[in-house]
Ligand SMILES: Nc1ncnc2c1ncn2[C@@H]1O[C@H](COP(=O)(O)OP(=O)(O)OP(=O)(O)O)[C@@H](O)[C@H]1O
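Starting off, we have a lone chain in the form predicted alone, written out as structure tokens.
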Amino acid sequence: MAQVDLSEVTKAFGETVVVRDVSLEIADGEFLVLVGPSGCGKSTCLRMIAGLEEITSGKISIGGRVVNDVPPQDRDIAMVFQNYALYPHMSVYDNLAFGLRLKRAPTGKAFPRTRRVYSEAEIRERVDRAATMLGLTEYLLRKPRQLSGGQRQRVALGRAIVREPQVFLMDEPLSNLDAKLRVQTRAELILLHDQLREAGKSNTMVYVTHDQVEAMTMGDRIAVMKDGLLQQCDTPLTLYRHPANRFVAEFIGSPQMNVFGPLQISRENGTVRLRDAKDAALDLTLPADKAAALAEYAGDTVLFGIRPEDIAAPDTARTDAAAGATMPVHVQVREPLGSTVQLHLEAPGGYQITSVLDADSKAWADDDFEAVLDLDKCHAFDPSTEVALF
């Protein structure tokens, strides 16, 4: 078992609380990503799992064993850092083997001296297996300075793999790589997780990043944090389609979700409409399922959210422009991105919004057109709590 459980874990530095009452159950073999902006507490959570930071309150269990007071070296975890942390004077082989050579076990109560756990033959077998898996076989005699950034990161990963720990902990391991290498190494990490699973080895991974694209592409589940608080933990698709609050909605997805409001909710002739008091041109009639969720809030206000890919120009619209599903906009900037084009628009009420269209769209800077909104995919948030209403 390599399940990791955090129960109401809190970390404070003096009077400053950086992680507050975080509870998470990370299943055996799961790839969980902790994501959030800088300073949200995600790396601190990882370091508490590793034992590099003492917890202020709460409980952490690894494999069913409470490890609050267990030193890092006895937690059976392996950590990959952002800056590789390789020994520059050692070859790749020796860097991979170093942790195994240090691993020792007591010889008995009567003889407190220790013995080496692994023979050189066993160490070579593990190193060769990890090097083959990561494509490092031809670099085993090189020093870290003779490797590229991506190769160094693979050595750091290999050093964790050879130990065959219960849990892999990764603290923004790709942030030092260029864009192309980051995509390549990201794919290698996903493949590594699958290979360890197929080999029947424990492959529980906890991965920290501030990059929501990494989180969406890599994680079985994603835990979103803000200001030391866990906002939501779920599958990537669920976070994207059903965010728990405005922060998650805007953080997950690129470009981020457009949010209008507050808009006035009104019921008229069996329909529910959203209007901006500042500009009557922003007047939206909600589809039946969305209207039902807001019917009891008639007379109140709501924040309205819609993703850029759900705002189309008439020439690229995939949905019919039903009554109330269009909005006049002015194109301020057009950004061609190859397969798509990103438009920065001004909407009624002075709102600055973004739309992502097919590359063949004829919408150009300074154009005016009726944007088509796919209201079946819109979102609503409480203006005071910012909790999602649908």
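Numbering starts at 1 and runs along the sequence shown. Only a predicted model underlies this, so the values are computations on that prediction, with no experimental measurement involved.
Another form, the form predicted in complex with the named molecule, is not on view; read the next lines as being about it.
Student: Evaluate residue 172 for contact with the named molecule in the model of the complex, applying a 4.5 angstroms cut-off between non-hydrogen atoms, and reply yes or no.
Tutor: Looking in the model of the complex, residue contacts with the named molecule include residue 172, since a heavy atom lies within 4.5 Å.
Student: Indicate whether residue 18 is a 4.5 Å heavy atom neighbour of the named molecule in the model of the complex.
Tutor: Residue-level check for residue 18: yes, a contact with the named molecule.
Student: Is residue 63 close to the named molecule in the model of the complex, meaning a heavy atom pair under 4.5 Å apart or at it?
Tutor: Because no heavy atom of residue 63 falls inside 4.5 Å of the named molecule in the model of the complex, the answer is no.
Student: Check residue 336 for me: does it contact the named molecule in the model of the complex (non-hydrogen atoms, 4.5 angstroms)?
Tutor: No, residue 336 stays farther than 4.5 Å from the named molecule in the model of the complex.
Student: Under a 4.5 angstroms heavy atom criterion, identify the one residue in 29, 39, 348, 58 near the named molecule in the model of the complex.
Tutor: Filtering the options by heavy-atom distance leaves 39.
Student: Based on heavy atom distances of 4.5 Å or less, which listed stretch (42-50, 327-335, 349-357, 64-72) is in contact with the named molecule in the model of the complex?
Tutor: Stretch 42-50 is the one.
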